[in-house]
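Okay, so here's just one chain, in structure tokens, the form predicted alone.
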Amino acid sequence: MKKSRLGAAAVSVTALALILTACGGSSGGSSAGGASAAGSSAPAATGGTFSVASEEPQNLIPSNCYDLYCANVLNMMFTGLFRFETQADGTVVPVATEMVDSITTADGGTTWSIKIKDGWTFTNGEKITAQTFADTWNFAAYGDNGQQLGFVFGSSQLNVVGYDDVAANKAKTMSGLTVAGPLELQMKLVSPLGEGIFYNFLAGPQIFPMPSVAFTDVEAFNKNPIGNGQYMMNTPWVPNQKIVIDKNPNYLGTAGNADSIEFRVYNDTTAEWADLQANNVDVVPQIPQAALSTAASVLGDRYVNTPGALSFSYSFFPLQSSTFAKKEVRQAIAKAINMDQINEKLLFNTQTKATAFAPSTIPGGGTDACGDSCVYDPAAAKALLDSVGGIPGNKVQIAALQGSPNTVAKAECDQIQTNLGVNCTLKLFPDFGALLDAYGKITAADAGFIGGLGWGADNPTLQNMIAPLFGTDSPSNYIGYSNPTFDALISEGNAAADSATQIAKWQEAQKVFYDDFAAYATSWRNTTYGYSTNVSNVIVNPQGFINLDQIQVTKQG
């Protein structure tokens, strides 16, 4: 599915992925009507300006947005077909936006009719029609355009008829995508999708409509995107400095509370934390790991640490490597590492030991899919390793990044050495890109190394937590895992008409993967953030997105 996306503090090495998928579904023939925006009952305090700490976004083209930082900006600048809203019980569901008139299927989920409401325009005055969406989605899918989220229209998600030809530059438009009227679009899929998962695939930056100017001058649009959302950009993006967006006076829905929002780029988490303490930046959506030990005492109730984020950290073993060819070796390493202790002593209870890939806030998540393989037991781990003759060369490496404290990776290495008697060192990479590149180059002749990444879901489904990472030929499948049974169960869940069947199939797929034990989830992450005394009503949702429209500026001028 998607490429990975940068994130903050995880286990060994971290990278949150931004994906776009599904929820439970009901039978075909139903429809989705328009719904009010999140936070549409605006609080009393409006106006003012606040700032948000951010890393540098990769870019600001919706169909090429693959990190939290661009997504937080674009979610305010664009309105698509669905948005995710957090419910009172902490779960996240896709809700149709004010732009949707109806979404229906008459053949069990193979052909969908999407109708949008009249009157919507971009901030440059261009009218939004069904053709707008068709042009945007074909642009995203066309191979030569290099859009990272174009895969959403392919076999791993929507699977639109004709996608393969467009992705291979053999055609300019997907044959399954047709304009049926000025405000009606028809989408024909290769195989049916349940309603819920279809809605989830329609939520996210890759679905945001883009004006015609985006396709004629992509570079210029990237620096000054033109949207149809609550906020607009009046001054171009200043790379490595800031992005400023102002309230859109002509927005058809309910606009946000603040007049202006500044995204301030930090390359130094120490400076970011110092500015938050001094009220020089108002929202820090991910508290730096170095500050976790003191954040609660320094910020008081302005420090939030909430379990159930839609993300996890995981360790994985390159199956093509000689070191990790035996399943028992992989299991022994997992059993030799005390994740409860690492979470308490190094991560200050901002993560919870995982027993499956999805936390309990995702339907079908929170179960114990790993079983005994994930139970910390040094004696059993050593006995298991000895039973298969140990590790070739009696040494392993764990991937890590230069310039990072790597405290968790070091702790993992120490426990492997102590509990298994195996020499363990860190394999350092200059940057995240080099690390990912190295995963794909391991051969059977190489010793290989243990990888550590993080994954953040684009939607609240178990499917989204496992299919992009472990499906055959998925771009984020860095270990080359392939199991036809796993793939088939994912597909069967996608096509199921009811949520219970969907979840059951995906749980079966997860069990198949854990039986192979090519990787395992180490921790479920919490949502941890902080804010200044200048703002209130600050919420970072379980996906890691900030509910920016709801924030109130309490100290203005």
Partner chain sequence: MGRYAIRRILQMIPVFFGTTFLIYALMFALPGDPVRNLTIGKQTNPVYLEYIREQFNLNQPFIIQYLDYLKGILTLDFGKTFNGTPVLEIFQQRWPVSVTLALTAFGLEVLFGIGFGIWAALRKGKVFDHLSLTGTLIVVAVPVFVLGYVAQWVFGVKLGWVAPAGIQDGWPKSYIVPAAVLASLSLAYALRLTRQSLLEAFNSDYVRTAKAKGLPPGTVLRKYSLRNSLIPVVTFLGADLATLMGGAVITEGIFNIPGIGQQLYQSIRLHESVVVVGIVTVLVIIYLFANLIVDLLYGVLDPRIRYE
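Positions refer to the first chain, counted from 1. The term rigid core refers to the maximal set of C-alpha atoms that superpose within 1.5 Å between the two forms. It should be emphasised that the depicted structure is a prediction, and the values quoted were computed from it without experimental measurement.
Keep in mind that the form predicted in complex with the partner chain is missing from the display, and what follows is about it.
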Original post:
With the partner left out here, if you bring back the partner chain in the predicted complex, are Ser113, Gln286 and Thr306 all within 4.5 Å of it by some heavy atom?
Top reply: no
Original post:
Given that the partner chain is left out here, which of Tyr514, Trp524, Phe50, Tyr66 has a heavy atom within 4.5 Å of it in the predicted complex?
Top reply: Tyr66
Original post:
Of Ala271, Val375, Ala379, Leu252, which residue is found within 4.5 angstroms of the partner chain in the predicted complex when only non-hydrogen atoms are counted?
Top reply: Ala271
Subject >> Stretch from 100 to 108, 357 to 365, 85 to 93, 137 to 145 whose residues place a heavy atom within 4.5 Å of the partner chain in the predicted complex >> reply: 137 to 145
Original post:
Does any heavy atom of Ala434 come within 4.5 Å of a heavy atom of the partner chain in the predicted complex?
Top reply: yes
**OP:** Classify Ala278 as contacting or not contacting the partner chain in the predicted complex by the rule of any non-hydrogen atom within 4.5 angstroms, answering yes or no.
**Re:** yes
Subject >> Heavy atom of Gln341 within 4.5 Å of the partner chain in the predicted complex >> reply: no
Original post:
Does any heavy atom of Ser297 come within 4.5 Å of a heavy atom of the partner chain in the predicted complex?
Top reply: no
Subject >> Residues within 4.5 Å of the partner chain in the predicted complex, restricted to 166 to 201 and counted by heavy atom >> reply: Ala167
Original post:
So with the core overlaid, does the Cα of Trp120 end up 2 Å or more away between this form and the one not shown?
Top reply: no
Subject >> Is_shifted Val283 between this form and the one not shown (CA, 2 Å cut-off, rigid core) >> reply: no
